[in-house]
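First, one chain by itself: the form predicted on its own, in structure tokens.
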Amino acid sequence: MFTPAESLQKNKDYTLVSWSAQGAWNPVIIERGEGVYVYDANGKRYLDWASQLVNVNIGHSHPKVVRAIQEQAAKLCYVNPSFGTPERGRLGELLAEVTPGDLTKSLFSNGGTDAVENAMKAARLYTGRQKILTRYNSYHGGTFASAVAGGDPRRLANEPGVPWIVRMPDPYFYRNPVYRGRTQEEGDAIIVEMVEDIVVREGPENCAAIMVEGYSGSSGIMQPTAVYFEGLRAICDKYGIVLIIDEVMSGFGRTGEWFGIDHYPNVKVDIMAVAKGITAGYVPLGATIVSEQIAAHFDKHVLWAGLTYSSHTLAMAAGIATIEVYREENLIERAREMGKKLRKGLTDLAEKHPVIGEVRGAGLHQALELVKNRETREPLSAWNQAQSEPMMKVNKAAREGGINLFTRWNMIFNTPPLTITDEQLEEGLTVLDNALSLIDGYYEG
């Protein structure tokens, strides 16, 4: 159709890219994908170490999902969401089966940010309260309220934003000074006390929900102990507050469990927001899944939420096929086992490269945090600042080495498709090793 150079220029001339100054955008033109690899317009192959945006969990061009999309497209792509379809009912049933506790009914949307917006809206309608408590080290989406709910600096363009977001302290064991000289469990207990103090000061009668990620995502894959999550659940029970768990990135096997919150089996979830892995990115889709109690409330009260493409029929078919792939190929268990191998490989890299301050995560959802000094933990690239020279070198070396890498600030995310093999895992770790060797000189220890 076009030469690679022509395609590049047309992308730059006629489209806008998110989260970037447009003049700096110089994208690789991707033409196809297969399994854990994508191929650019020149035929170069890249190992998708990031699963694109941590969503292509089943790999690219899976034949079962492609076939389901093709068959549904030939039959019915879309109907008004006031209609029902067989596919809509079946996907809702599957989500009720794989999500924890009594999460029962799903409101379908276009993606993760919509799912979060609807989760907050449902909590506020259900409780009759206004305020949603969230964390600084979080990302909940790019639309107006969801962006403000996240503490990620991408919220700044929307500020002052909605007035009903209240910020909580982070259970960030590696950096939060609360944890100095304490075990993680001791620090988590203090964080929970601080959250309760905030609830009391804001007025429990004003607090609709506490919203946190089931397993932290692009804010750094930090993860507290059960003390933290069970403490949040206790606060919610004490004050009649809804617990919203954002599983947009950490859901559908990414952490070695169906959902990140499944690592905490004693924690009851009232509302869950999902997207990304629900269709593995093949068709845009999100869902807000509510408990039986909240669903019953909306039997008699209007749910003031809706989208033209809610329950999009093509997306429903893709979601059904994707969940079937997770089950039929045992990808949840596979992510758990491959995650152990990934952790060993990343730990070996940390022993070799002093710039790695910490390795953390679970399953195929792990991060390297890079530092100038392991004692001071000064980051190799500052939060909310332009990417530093060493991080740009890592990205460039990874791309030249043939892997698609996802980095933010001073962190390298290691989130390949759940279908990755031992050999492909080793391929990615080797490229990372070579890239990190280029920046060991920036270490000041």
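Numbers follow the displayed sequence, beginning with 1. All values derive from a computational prediction rather than experimental measurement.
Omitted from view is the form predicted in complex with a small molecule, to which the following refers.
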item: Position in contact with the small molecule when the complex is considered in the predicted complex, options 253, 141, 220, 361, heavy atoms within 4.5 Å; value: 141
item: Contact residue in the predicted complex, chosen from 248, 287, 149, 317 - any heavy atom within 4.5 Å of the small molecule; value: 248
item: Partner contact for residue 99 in the predicted complex: the small molecule, 4.5 angstroms, heavy atom; value: no
item: Non-hydrogen atom contact residue 116 with the small molecule in the predicted complex at 4.5 angstroms; value: yes
item: Partner proximity in the predicted complex: residue 111 to the small molecule, non-hydrogen atom cutoff 4.5 Å; value: yes
item: 4.5 Å heavy atom contact, residue 213 and the small molecule in the predicted complex; value: yes
item: In the predicted complex, segment of 132 to 140, 291 to 299, 86 to 94, 333 to 341 with a heavy atom within 4.5 Å of the small molecule; value: 132 to 140
